[in-house]
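Listed next as structure tokens is one chain, alone, in the form predicted alone.
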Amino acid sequence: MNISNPILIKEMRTRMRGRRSFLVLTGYVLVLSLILGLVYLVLSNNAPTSVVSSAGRYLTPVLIFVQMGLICLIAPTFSASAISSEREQETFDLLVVSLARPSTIVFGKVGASLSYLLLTLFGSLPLIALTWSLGGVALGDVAIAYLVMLVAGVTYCSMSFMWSTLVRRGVFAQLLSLFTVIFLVAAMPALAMFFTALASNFSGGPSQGFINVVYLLMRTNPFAAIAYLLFGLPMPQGVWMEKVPIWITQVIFYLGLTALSLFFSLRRLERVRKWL
């Protein structure tokens, strides 16, 4: 990404000089700290000494899963109004017909939105370092879990930006972005589990092809990828890509969604520019 991008510089100055970046980071770290403190308090008061001595085995997954949940909630809102707000302020036509190319607009707007994501992830590093120091989790697994969260956040920002280019109102773009994230994170795994429960009632049980499809759906879920990393969940024998870690297929799938979202956003801006 070109750091001399004028759209990126303008958006970064506008976003980082306001109070929102301070409030987002403070609230994010405060929520994580409170949840970790409550979990550790419960462990220290109720768990045996052997469990408390290796509290990192329990605190690190809690921190990562809570972070992933917060990213699913806040990342779609980072860029959902990037273009819709330009339309509402009647500056979109001026932006499109300016000397800035559509690619400059796309990467400038999305790059500025991703600054919030990087800010929150880097802000949680002291907390994850504290929980990791308590033991129980490998540093490599923590690093891959952060990679999964980063890729998921980039995908959600890119998809919300795509909706912003297609929808005129920022509120509608945010709603569509949240619904898309809910579908990817909750609806697809729920659909897979529903089909599994339905097929288990049939005589003979589900076929091998059906099981393969169900696990392919689960491979697109970032929470499943993190659970596979931290807990070492086994894969059933004979399923497709049995030896391939879940996080690899999940990252590849999300990177594909990111590329498609940016491509459609770019085509949309190019079409508007030609029309004007």
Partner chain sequence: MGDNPNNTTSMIRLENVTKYYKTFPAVNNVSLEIARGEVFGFIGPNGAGKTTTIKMLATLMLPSDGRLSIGGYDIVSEPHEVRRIIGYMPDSFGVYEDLLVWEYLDYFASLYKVDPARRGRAISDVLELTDLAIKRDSQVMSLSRGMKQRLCLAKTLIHDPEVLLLDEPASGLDPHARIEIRELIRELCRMGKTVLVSSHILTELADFCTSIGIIEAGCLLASGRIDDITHQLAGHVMLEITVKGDPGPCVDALSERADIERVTCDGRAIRAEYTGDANEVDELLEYLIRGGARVLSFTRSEADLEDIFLKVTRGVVA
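Residue numbers count along the first chain shown, from 1. Quick caveat: nothing in here was measured; it's all calculated off a predicted structure.
Beyond what is shown, the protein has a form predicted in complex with its partner chain; the following relates to that form.
Visitor: Taking 4.5 angstroms as the cut-off for heavy atoms, does L99 touch its partner chain in the predicted complex?
Guide: Close contact exists here: in the predicted complex, L99 approaches its partner chain to within 4.5 Å, heavy atoms only.
Visitor: Is R19 near its partner chain? Define near as a heavy atom within 4.5 Å, in the predicted complex.
Guide: Contact with its partner chain, no.
Visitor: May I ask you to state whether S115 is within 4.5 Å of its partner chain in the predicted complex, using heavy atom distances?
Guide: Outside the cut-off, so no.
Visitor: Within 4.5 Å, heavy atoms only: does K10 come near its partner chain in the predicted complex?
Guide: Taking the distances in the predicted complex, the answer for K10 is yes, it comes within 4.5 Å of its partner chain.
Visitor: Given that its partner chain is left out here, which of V151, V137, L95, V181 has a heavy atom within 4.5 Å of it in the predicted complex?
Guide: Among V151, V137, L95, V181, a heavy atom within 4.5 Å of its partner chain in the predicted complex occurs only for L95.
Visitor: Please name which of the stretches 139-147, 170-178, 117-125, 82-90 has residues with heavy atoms lying within 4.5 Å of its partner chain in the predicted complex.
Guide: In the other structure, the partner sits against 82-90.
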